[in-house]
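Next up: just one chain, as structure tokens, the form predicted alone.
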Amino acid sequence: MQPFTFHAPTRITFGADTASSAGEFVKELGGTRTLIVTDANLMKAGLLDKILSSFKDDGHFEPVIFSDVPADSDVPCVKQAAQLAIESRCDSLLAVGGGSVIDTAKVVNICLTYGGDLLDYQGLNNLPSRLHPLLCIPTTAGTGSEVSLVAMIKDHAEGKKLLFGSRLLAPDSAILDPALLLSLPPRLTAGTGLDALTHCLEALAAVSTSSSLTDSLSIEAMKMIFANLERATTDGANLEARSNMLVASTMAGLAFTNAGVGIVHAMAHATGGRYGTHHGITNAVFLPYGLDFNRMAIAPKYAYAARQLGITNSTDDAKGADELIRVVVSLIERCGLPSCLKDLGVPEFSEVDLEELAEQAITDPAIMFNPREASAEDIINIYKRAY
């Protein structure tokens, strides 16, 4: 067994209606003036009502609210929220929302803690000391950002996504409340669920950095996803399916944040940075192609997963890998997600577009964990096939 290091610093609490105790969780972390980071749709839907009530029991503990996070958060949004936090003298943060909201809160925390320009801290392991306390409450089941060590923020000027990564970036605490997901629309349920499945499959494939811990988390999370994603998509009020998907997403988050992701995420980052496509749904388009590309390098690993998942009894690794890819494609289809970039609204590529996208993908930090080296020509070929 190869040596490994596994980070899981986030306290995880699961249960229906646990979000109504958010104020107490922040107090336990030492927060006395909290910035709540969320989006306007969640505020309008009333999903924060019980959370806000948990703060109002103590008058001096009234939180500050920033609710202008867009679906694909960017540098101006982070700067605006950070300015509010600094002016309000906040000493803690609470993120309530999907991956965009949680990633925004993480980078706002960098600005609040250190000051200066957030661009000074992009990249890996550039944080000098502990951050202010951060509690995260995810309202989607997919990104795993509530336990991850990374955040992605869009830079419109450069047309790409910026990566912030450090063990210090992991949230202090996460509340998994499946009741907050009951109104999530089918398309977002499916798209975020495919993001979680991609985390599992790419963490499993990252053979140089994966471990028995990350493999076990990936496979168990995949069992839950295959058993529950379609139910959660077609019957959003199914609390059991929502609960299982929320826990599976967090398990997948722990797996990929320790093992890494790969070519699918690298291409989704490049595509989303340029065209603003939804990250999880973009992953769903690229996932079959990424699995096919990596198959020759790690067919035994895919086959092992297929056997553990009960997909195949074959001892032939090539057949087992084929079966795994087949059931992934079937799940994507059953959940009603698009199978090509054109259906995501991506315009037809020019040769220059393809060259620039390939350059962004092969220089994306995610691709360093891919089990098979990809050239620009390989990336371009996948873009053409996926269009």
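Just so it is clear, the structure is predicted and the values come from calculations on it, not from any experiment. Note that residue numbering follows the sequence shown and begins at 1.
Separately, the form predicted in complex with a small molecule exists; it is not shown, and the next lines address it.
**Student:** Heavy atoms, 4.5 Å, the small molecule in the predicted bound form: which of 219-227, 70-78, 306-314, 285-293 makes the cut? Say which one.
**Tutor:** Heavy atoms within 4.5 Å of the small molecule in the predicted bound form occur in 70-78.
**Student:** Of the options Gly116, Gly123, Pro128, Pro185, which one has a non-hydrogen atom that comes within 4.5 Å of the small molecule in the predicted bound form?
**Tutor:** Answer to the contact question: Pro185.
**Student:** Since exactly one of Ala151, Met245, Ala206, Cys200 fits, which has a heavy atom within 4.5 Å of the small molecule in the predicted bound form?
**Tutor:** Residue within 4.5 Å of the partner: Ala151.
**Student:** Since only the chain is shown here, I'm wondering whether Leu181 would be in contact with the small molecule in the predicted bound form (any heavy atom pair within 4.5 Å).
**Tutor:** Heavy-atom contact with the small molecule at 4.5 Å: present for Leu181.
**Student:** Using the partner position in the predicted bound form, report whether Val64 sits within 4.5 Å of the small molecule, counting heavy atoms only.
**Tutor:** No, Val64 sits far enough from the small molecule in the predicted bound form that none of its heavy atoms falls within 4.5 Å.
**Student:** Quick one: does His278 come within 4.5 Å of the small molecule in the predicted bound form, counting heavy atoms only?
**Tutor:** Judged by the heavy-atom cut-off of 4.5 Å, His278 is in contact with the small molecule in the predicted bound form.
**Student:** Leu42: heavy atom within 4.5 Å of the small molecule in the predicted bound form?
**Tutor:** Within the cut-off, so yes.
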